[in-house]
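Coming up is one lone chain in structure tokens, specifically the form predicted alone.
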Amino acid sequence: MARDLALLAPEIAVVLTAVGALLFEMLRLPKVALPFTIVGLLVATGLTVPLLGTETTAFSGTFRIDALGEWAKLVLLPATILSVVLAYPEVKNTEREGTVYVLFSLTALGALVLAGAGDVMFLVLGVLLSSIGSFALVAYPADDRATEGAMKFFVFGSVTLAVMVFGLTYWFGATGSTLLSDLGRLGAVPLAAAFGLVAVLVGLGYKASLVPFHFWAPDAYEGAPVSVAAFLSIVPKVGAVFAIAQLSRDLPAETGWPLAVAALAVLSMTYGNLAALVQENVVRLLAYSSIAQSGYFLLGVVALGESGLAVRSLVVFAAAYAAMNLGAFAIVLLAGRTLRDFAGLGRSRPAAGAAMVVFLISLVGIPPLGGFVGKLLLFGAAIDAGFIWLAVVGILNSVVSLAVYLRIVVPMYGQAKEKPDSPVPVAAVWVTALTFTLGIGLAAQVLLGQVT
């Protein structure tokens, strides 16, 4: 028991952080809850570092301590910290300010549970934890737009979770076990394997906002505070993608999972980019962009077990994606939600404008930025696994995405107009994100050597 608890020290630290922040909120001390949350998440990040390189399980194989799970913590916990900092200007002095910080921590915990899941019950728990907090965060502004987005999110999430739980019963009935490591037995029962696979892809596809399970995302992102939209576009999404990866490691190829995941990748990349092309609201544009980016992640998933680049590509792209997406949303919080609000930003605030350009071209995958390195590894992994056609589709979609992001860049360098000052927390987030976006690209070789 002591060994297992030690292996779960980062997750325990996140739980204690959420509980402590909740206590401060109950005592009406939200200004204390904010630094407490940041310090607690930093401690959880620090507790993860000694576990790197460990390949084992905890609690009878139900939770995995491996490269995917540990690197997920090193990506998602810092992303949560930056989201909390970004949220401060939006929620300060509101009635339930401290509650927001609690919900960020609990939702992040759900994503970490998904990324390390070794049992189907942890998949269910992870989706529940990350969903309940997300619903409340989207509804926080208490206006019509937020309420509509949260209700769509809630209804869609409830249905997809029910479908997933129902489908998982087929896997349990066929294997007699809830452990993911026993999924190899499904090769002898293809019908039960197929039912379970479809159901799991529905449940986790909703969390990752994969097409066709994405319908909640644009409305939820638009209704939520910008900081919450940034958080939802990264933390629950990456947790769900890593959960699909954990599943895929044990599913027998006879179930057809590689082709099913490849099909979802094509649908998500293509639909996300094409839908983003017609958006006037930058938050909705980035929502559809995040749907497309989910499709790119799946190139690494289909290569698991077939390419040595698979895990590295997922980890590096997750780190790059977290940095560039957080940075882009931070600039949105500074400039405004519509394309008109970005008019002249590059001239009136040159540093912020240049940072936004870096984030957007990194999302496209232009060298030498972090997005380029991540996508290059994803394409390489897919090609190694024999999915050359999928890599070609990904490259073509990257070209299309350039047109999407130019819709933001072009008006930024039109006629300058007066812009409001950037709050210190917002500036801190986009500067940090810019540093990581550039750093991941320039130090890719060093980073790859650390990911096993």
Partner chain sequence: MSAPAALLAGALRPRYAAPVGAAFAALAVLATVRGWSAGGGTVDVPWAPTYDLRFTVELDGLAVLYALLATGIGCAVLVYSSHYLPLHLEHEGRPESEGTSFYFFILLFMGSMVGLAMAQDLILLFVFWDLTAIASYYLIGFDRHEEDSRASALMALLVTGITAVFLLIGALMLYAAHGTFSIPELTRLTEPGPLLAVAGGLIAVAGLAKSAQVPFHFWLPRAMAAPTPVSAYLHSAAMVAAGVLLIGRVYPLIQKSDLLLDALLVVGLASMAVGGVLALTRDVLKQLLAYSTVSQYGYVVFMYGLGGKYGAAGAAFYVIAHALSKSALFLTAGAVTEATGEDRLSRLGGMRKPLPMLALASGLAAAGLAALPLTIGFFKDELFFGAALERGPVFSALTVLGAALTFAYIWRFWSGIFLGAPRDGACGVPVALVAPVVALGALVLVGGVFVGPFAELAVAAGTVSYDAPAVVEPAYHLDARPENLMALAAYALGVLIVVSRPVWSGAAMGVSRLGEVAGPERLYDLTVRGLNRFSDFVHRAEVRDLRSRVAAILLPAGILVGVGFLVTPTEGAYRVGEVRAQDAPLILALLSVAVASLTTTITRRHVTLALVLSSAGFVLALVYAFFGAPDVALVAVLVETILTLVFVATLKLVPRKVLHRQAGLPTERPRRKVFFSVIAGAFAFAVVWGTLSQPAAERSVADEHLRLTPEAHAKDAVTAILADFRGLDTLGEISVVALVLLAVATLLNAGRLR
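Quantities reported herein were computed from a predicted structural model and do not represent experimental measurements. Numbering follows the first chain given and starts at 1.
Not pictured, yet referred to below: the form predicted in complex with the partner chain.
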Contacting member of S177, S348, S181, T338, with respect to the partner chain in the model of the complex [4.5 Å, heavy atom]: S177
With the partner chain left out of view, which of A354, V266, L125, V165 would have a heavy atom within 4.5 Å of it in the model of the complex? L125
Whether W71 contacts the partner chain in the model of the complex should be assessed with a 4.5 Å heavy atom distance threshold; does it? no
Would T54 show up as a contact with the partner chain in the model of the complex if we use heavy atoms at 4.5 Å? no
Report yes if any heavy atom of G305 sits within 4.5 Å of a heavy atom of the partner chain in the model of the complex; otherwise report no. no
Quick one: does V278 come within 4.5 Å of the partner chain in the model of the complex, counting heavy atoms only? yes
Which is the contacting stretch out of 295 to 303, 234 to 242, 88 to 96, 318 to 326, given heavy atoms within 4.5 Å of the partner chain in the model of the complex? 88 to 96
Can you name the residues of 199 to 223 that have a non-hydrogen atom within 4.5 angstroms of the partner chain in the model of the complex? V202, P212, F213, H214, F215, W216, P218, D219, G223
